[in-house]
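Heads up, the chain below is alone and in the form predicted on its own; it's given as C-alpha cells.
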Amino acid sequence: MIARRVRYEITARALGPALVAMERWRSRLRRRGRGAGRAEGPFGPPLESTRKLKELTALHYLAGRFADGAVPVAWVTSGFPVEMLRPLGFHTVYPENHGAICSVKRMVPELSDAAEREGYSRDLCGYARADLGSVATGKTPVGRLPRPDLLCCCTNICQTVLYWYRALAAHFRVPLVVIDTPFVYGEAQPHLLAYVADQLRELTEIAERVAGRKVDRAALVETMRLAREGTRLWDECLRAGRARPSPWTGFDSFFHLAPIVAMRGTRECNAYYRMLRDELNDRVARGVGGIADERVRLLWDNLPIWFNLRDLSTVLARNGFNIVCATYTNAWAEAGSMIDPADPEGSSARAYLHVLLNRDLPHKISIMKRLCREHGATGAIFHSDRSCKPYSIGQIDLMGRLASETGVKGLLLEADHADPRAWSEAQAYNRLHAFMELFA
C-alpha cells in the first residue's frame, strides 16, 4: 500500500509533469516548423490554452494508471456531486468523459462490438457500451483505467446510468451509491431537497468507510468553494462567446468543458479556466474570431457528435456559420452556481436536482431563448441523439416554439454522440447545406 501510494504521488507530482514538459518542448519545435499561431483554413488562430487542456487530461489519466491500491478510486457519473468525495482523497474516473475520448479516437465501434457480445443491446447509450466494452476487453486510448473501490451514480441525467452502474458493481464487486433525484417541474419542492440532502449524508458515511477516514469539514467547505468558483469561471469563458466575432467556437467549448466535468472542485481546474478566460477576453479585445469570417451565429442543442466534430465544424466555418452557444456547455455553468460552501449538503441537493436534463421542457425552452438572445444566434441545430434519448425528447416541439416565438430557424440533425455506425454523413450534410441556404 505504501509503495503504491509513493508511486502514485511520484507519477502525479513529478514524473507526469516532467513527461508533459518534455512533450511541450517537442510540440514547440514542431509548431516552429509549421508556423505557430497561424489561422488554419476557415478557422481563426488556435487557442493557446488547448495545449494546457491536453496536459491536464494526460496527467489525470496517467496518474489514474497507478491509483488503485494507492488511493481510493471512485467511478462517477457526470452529474454526480463529486465534491463530497474529494476531501476523502478519491481519485475519480468519469466513464462518460472516457467514452468521449474513445469516440474521438474512433474506438467506439470496436468497444461496442465487445459489449454487444456480452449481451448488451446496440440501442444502449454509446458511452455505456464503450465503457462496458472497455471493461470487458481492457482496451482504452488512455492506457489503463484504475479499478474502482466505489461506484457512484446520480439519476439526474438519465436512468441508463442506474442499470449501467449496477452492471459495473456486479463485475467489480464493489459498493454502489445511487443518488436518486426526482424529476423537477418548475422548482424543486422542499421535501425533494430534503430527500436528496439525506442521501448525500448517507453517501458521506459510505465513502468514509471505503476511504478509511473521516471527512474534514473544513476541507469539504473549501472543495465546495472551489467548485462554485470553477463554475463561475467556466460561465465567464462561455460569456466571451457573446462578442462579435466570437473568440472561439461551440466545438472548441465542447473540448474545453472537460475540466469542469472531471476535475470540478480542484485548484487545477480553476487555474485552467482563469487561463482560458483571460485568453478569450484578450482575443475579444483584439477582434480575433474562432472562425475567419463569422456571418451567421448558431445555438447547438444536445451532446456533440464527438467523432465528427472536425468535419462538421469545417463545413460550417467555410460557410461563415459559427456555433456560439450550446445548451450542453451552459448546463455546467447554470446549476453549479447554486452551490453554497456554507451548506454543502443542502446546496448540493438544490444544484444537482436542477441540472438541465432533470428539469421540464418549459425550462429548457427558456434557456434556449435566453442563449439565442444574449449571443445573437439566429439559427439552431438540434442534435437528435440516438444514444441520449432523455436529451432528445421534445426537440421537434422545442424547435417549433423557438422558431415561432423568436424567429430562430432550426435544423434537426440525426446522429449519435459516440457511435459513428448511427451516422449517415451524406444525409446529414444534405440537410445541413439546405439549412444554411435559408440564411443566404
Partner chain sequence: MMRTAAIYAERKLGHKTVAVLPVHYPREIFTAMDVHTVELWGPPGPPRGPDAGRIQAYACAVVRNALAFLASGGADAADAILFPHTCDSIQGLATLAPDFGGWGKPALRYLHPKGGDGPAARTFVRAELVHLADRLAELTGRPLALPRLAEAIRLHARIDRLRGEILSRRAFLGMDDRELYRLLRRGEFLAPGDHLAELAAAARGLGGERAQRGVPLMVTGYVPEPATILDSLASAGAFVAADDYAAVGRRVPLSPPADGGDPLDTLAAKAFTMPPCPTRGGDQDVRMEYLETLYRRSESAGLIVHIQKFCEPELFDVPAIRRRFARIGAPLLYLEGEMEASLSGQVVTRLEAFVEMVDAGRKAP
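Predicted, not measured: the structure shown is a model, and the values here were computed from it. Positions refer to the first chain, counted from 1.
There is another form of the same protein, the form predicted in complex with the partner chain; it is not shown, and what comes next is about it.
Of the listed positions (57, 49, 384, 406), a single one reaches within 4.5 angstroms of the partner chain by any non-hydrogen atom in the predicted complex, namely 384. Think of it this way: in the predicted complex, the partner chain has a heavy atom of just one of 219, 271, 361, 285 within 4.5 Å, and the residue is 361. Heavy atoms within 4.5 Å of the partner chain in the predicted complex are found in one stretch of 102-110, 183-191, 286-294, 257-265, which is 183-191.
In the predicted complex, at least one heavy atom of residue 166 sits within 4.5 Å of the partner chain. Contact annotation: residue 414 falls within 4.5 Å of the partner chain in the predicted complex, judged by heavy atom distances. Using a 4.5 angstroms threshold between heavy atoms, residue 392 counts as touching the partner chain in the predicted complex. Mapping the unseen interface onto this chain, residue 401 counts among the residues with a heavy atom inside 4.5 Å of the partner chain in the predicted complex. Every member of the trio 118, 160 and 170 reaches the partner chain in the predicted complex with some non-hydrogen atom inside 4.5 Å.
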